[in-house]
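Only one chain is included here, represented as structure tokens and corresponding to the form predicted on its own.
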């Protein structure tokens, strides 16, 4: 492709203002974040067809050991190895289903479609479930399971560091006259994640974590034959089963808790701003069993939710 000599330079030759510094930073980011080749090297051709070495020469000078291209390639590779490593750590369930090779292929395709737009690696998996739905070829024949796992593993990230609000206590409830308690609107902690899933991925994640812990103990035990057998033993994939689960934290640790469908519906209704009375009507099924028969069960749920600090002041 012919190069237009009057075209705008890729990066400023000198930095004499904050605007030029911003232009240089953007140019550097475009090079560093560009996908690697299949051999994990920097691409030799730029998007307009010219050699990437020419682009690199506008950003970095060579030294007595490395060319401009080689200097920027170090950062290009570092960036991609770091973001892939971060996703690898965040998604043990997906890795267990796909295997490392297919997982890395999924992660690379995902980051090309949805590159990081945040200052923190924390947000990398935020759109992974969306991408799995859009590009099922990377996860077939387990796309539905992988979609649930991506949702679940992102929810764990959100639980870890999302803010908490002041807890709603029994004293707060007693401050409300009994006649008005049905009209009470309760809020849920922002970090609490409520998921309706098609697979029991909470149990699967626990099994994967247990196997990883056993592998670490095996590495330390110096028993090669036992360790080889453990590595060959794969975690059994779960069968489809509608599952309602809450992911929460308590005293700095993350927990999973299965919910009965009615309990899940009540919590979702409370989060949507329904009054306590409306949430109970939404959650408790219309069946032959009298609603009064649900009283002890629902009281037990709310007692447990308050002990776990899920309810907070609106």
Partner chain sequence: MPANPFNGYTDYGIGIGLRIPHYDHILERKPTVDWFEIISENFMVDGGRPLEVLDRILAQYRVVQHGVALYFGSADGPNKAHLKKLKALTKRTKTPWLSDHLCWGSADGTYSHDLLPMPYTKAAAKKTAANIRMVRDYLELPIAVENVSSYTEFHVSEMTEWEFLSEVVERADCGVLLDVNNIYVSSKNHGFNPYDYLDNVPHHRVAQMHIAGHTKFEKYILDTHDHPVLDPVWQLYAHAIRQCGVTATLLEWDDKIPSFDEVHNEALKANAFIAQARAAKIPAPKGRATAKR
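Residue numbers count along the first chain shown, from 1. These numbers come from a predicted model, not from an experiment. Here, rigid core means the biggest group of C-alpha atoms that superpose within 1.5 Å across both forms.
Just so it is clear, the following notes concern the form predicted together with the partner chain, a form of the same protein that is not shown.
- Using a 4.5 angstroms threshold between heavy atoms, residue 37 stays clear of the partner chain in the model of the complex.
- Contact check for residue 79: a non-hydrogen atom falls within 4.5 Å of the partner chain in the model of the complex.
- In the model of the complex, the partner chain stays beyond 4.5 Å of every heavy atom belonging to residue 304.
- When the partner chain is considered in the model of the complex, residue 170 lies well away from it, no heavy atom lying within 4.5 Å.
- The single contact residue among 72, 201, 107, 150, judged by any heavy atom lying within 4.5 Å of the partner chain in the model of the complex, is 72.
- Picking from 257-265, 24-32, 43-51, 270-278 the stretch near the partner chain in the model of the complex, with a 4.5 Å limit on heavy atoms, gives 24-32.
- Proximity to the partner chain in the model of the complex holds for all of 18, 61 and 161, with the criterion being a heavy atom within 4.5 Å.
- Contact annotation for 250-266: a single residue, 252, has a non-hydrogen atom within 4.5 angstroms of the partner chain in the model of the complex.
- The two forms, fitted on the rigid core, differ between the shown form and the other one by 2 Å or more at the CA of residue 28.
- In a rigid-core overlay of the protein, residue 151 has its C-alpha displaced by under 2 Å between the shown form and the other one.
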